[in-house]
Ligand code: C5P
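This document opens with one chain alone, in structure tokens, the form predicted on its own.
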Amino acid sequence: MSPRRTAPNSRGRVGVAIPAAGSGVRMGGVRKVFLELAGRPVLEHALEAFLAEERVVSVVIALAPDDAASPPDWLTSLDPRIVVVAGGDTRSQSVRAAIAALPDDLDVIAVHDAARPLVEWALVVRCVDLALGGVGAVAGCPAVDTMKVVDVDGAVLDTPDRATLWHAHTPQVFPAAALRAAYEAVTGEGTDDAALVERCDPNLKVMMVDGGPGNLKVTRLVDLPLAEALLARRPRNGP
């Protein structure tokens, strides 16, 4: 694990919510966060950049209830800041469970999908710094393909200007009060935390932060070899 680092002349208390309770249907029923990537679990890779950041005071991981009842030893011994809770049937339910278990006195909260093991420390720092300034920060990258809007049958309805479109990744980092309010006020489900914040507080500015296309989400088994190749080519995950 990388030593803890922080950005110079920067302060703040950061909490991290990690939804990791997915059923692994697209992985053939295997929990993808426990699959090995370059000899370590996907989840451990996903945690590395956050555990290397001194401003992170708490990391709550929402696992499937069976896994939360008996989490793996490597996870519980990884860092004293880690807490494991039982997640829900959906991503939003798991994020809510993780947020509820975070300390009350946080300045910002980051949400990061456990299935994104290639997140870099520098990207975490940029998002946290923005959120400490009072705005939301969403990691992502600009769309490079032509995008289509279609109906339920796949018929094209519109071709939006891709210059205005981004792919939204995680981490997504917000002032703690804004994120807590969004998850309390909005009862619907979503795959994007920013969408809930935008619905709850349309006056809060949310910025996209370009983390490049390498912040891959491991969704299917074929993603693992690609993730390993990207991991082998990048420098150590730290400053």
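Residues carry their position along the shown sequence, with the first being 1. All values reported here derive from a predicted model rather than from experimental measurement.
What comes next is about the form predicted in complex with this ligand, which does not appear here.
Participant: Indicate whether the candidate residues P19, K32 and D89 are all in contact with this ligand in the model of the complex, with contact defined as any heavy atom within 4.5 Å.
Facilitator: All three within 4.5 Å in the model of the complex.
Participant: Though only this chain appears here, would L102 touch this ligand in the model of the complex if you measure heavy atom gaps against 4.5 Å?
Facilitator: Residue-level check for L102: no, no contact with this ligand.
Participant: Just checking whether V119 would be counted as a contact of this ligand in the model of the complex - the rule being heavy atoms within 4.5 angstroms.
Facilitator: No.
Participant: At 4.5 Å between heavy atoms, is V138 in contact with this ligand in the model of the complex?
Facilitator: The answer is no: V138 has no heavy atom within 4.5 Å of this ligand.
Participant: Whether A115 contacts this ligand in the model of the complex should be assessed with a 4.5 Å heavy atom distance threshold; does it?
Facilitator: Yes, A115 is a contact residue.
Participant: Sort through 107-115, 144-152, 77-85, 121-129 and report the only stretch with a non-hydrogen atom within 4.5 Å of this ligand in the model of the complex.
Facilitator: Stretch with heavy atoms near the partner: 107-115.
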